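As structure tokens, one chain now follows by itself in the form predicted on its own.
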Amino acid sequence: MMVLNVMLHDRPMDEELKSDMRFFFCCMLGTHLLRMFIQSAGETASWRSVYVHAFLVGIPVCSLLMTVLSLELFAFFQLKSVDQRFELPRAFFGLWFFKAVLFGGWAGVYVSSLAVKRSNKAEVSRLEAEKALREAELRVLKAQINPHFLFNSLNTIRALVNEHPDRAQEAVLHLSLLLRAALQSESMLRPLREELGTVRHYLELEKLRFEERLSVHINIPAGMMDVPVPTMLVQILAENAVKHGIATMVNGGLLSITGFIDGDTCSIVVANPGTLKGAAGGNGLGLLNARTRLDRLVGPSSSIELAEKDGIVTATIQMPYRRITV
């Protein structure tokens, strides 16, 4: 711009340089004042008040101040007389309008950057809050280890100590591994193979208590072993199957856990003899929490459904088929 003005208006280079330096100084000072004025609205202010603060107050005031300063600097350095009747009003309003447009464009960019920054900050806060909520849910889940199950397991171990010490040692090992898996897991999701490991420890302890009344069959395709599942989800369904199904049947029955892959979807089915009426506990808070956790951790395309057919109750988990290691 300086070179263009020198060529078109035949102005000395040093004079044009001084003019551009004054213009640059006024622009820097004006944007600094405008930024301070916008920030004075506060980080919690609504965007409507921020825009009013910036465009209806800040820009006109800063443009006016910088226009006056520019003219004063011009008069001081140039020492030229100005026709008060014509040239000064025209120069004043023209310069004020130009600076208003300039500061308006700058303010638009600055406020937009503030909006992006605030949005990113809000998203980070939301994710941190969601993470804290999930961790709290997991801690609550760990704290809800069935005390009756622990009591029954300890009674079973006590009964085996004298008559079958080898089986008692085996039971203690399963119980310790189960508690370790339940209490030490800090992940919201874990591979299905790890979840099934916890389920097997639990079922081995229950088989010691129910003996021949409880039969277990687990059939999961190898391709599903790395599918991420919410921690303790299958475990909860297995506990419900034993508590509301096997334990209520005189002759017990078969508890089966099977997996299926159908295109982009995989299913885990926990089946046991019984009725949905007898398994009323499975329709309560436990199942509701399980569904909520599954939706949050896996997504809305997942589901848990209970069904009964021919005296067999099934709990079916459906999830996207993703072979990733958690």
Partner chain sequence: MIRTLIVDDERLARVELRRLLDAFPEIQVVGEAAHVTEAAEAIRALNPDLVFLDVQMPGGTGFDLLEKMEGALPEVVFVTAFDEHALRAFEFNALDYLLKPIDPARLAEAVQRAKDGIVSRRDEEEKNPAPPTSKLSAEDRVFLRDGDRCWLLPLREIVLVESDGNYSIVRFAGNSAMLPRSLSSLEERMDPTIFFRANRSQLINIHKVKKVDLWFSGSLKVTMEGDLAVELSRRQAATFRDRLSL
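Positions refer to the first chain, counted from 1. Quick caveat: nothing in here was measured; it's all calculated off a predicted structure.
Below, we turn to the form predicted in complex with its partner chain, even though it does not appear here.
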property: Thr156: touches its partner chain in the model of the complex, heavy atom cutoff 4.5 angstroms; result: yes
property: Phe151, heavy atom within 4.5 angstroms of its partner chain in the model of the complex; result: yes
property: Exercise: Asn162 in contact with its partner chain in the model of the complex, heavy atom 4.5 Å; result: yes
property: In the model of the complex, Leu192 touching its partner chain (heavy atom, 4.5 Å); result: no
property: Stretch from 192-200, 162-170, 216-224, 98-106 whose residues place a heavy atom within 4.5 Å of its partner chain in the model of the complex; result: 162-170
property: Residue (of Leu175, Leu208, Ala181, Val234) lying close to its partner chain in the model of the complex, criterion heavy atoms within 4.5 Å; result: Leu208
property: The unique member of Val111, Ala247, Met188, Leu254 whose heavy atoms fall within 4.5 Å of its partner chain in the model of the complex; result: Ala247
property: Contacts with its partner chain in the model of the complex, stretch 296-312 (heavy atom within 4.5 Å); result: none
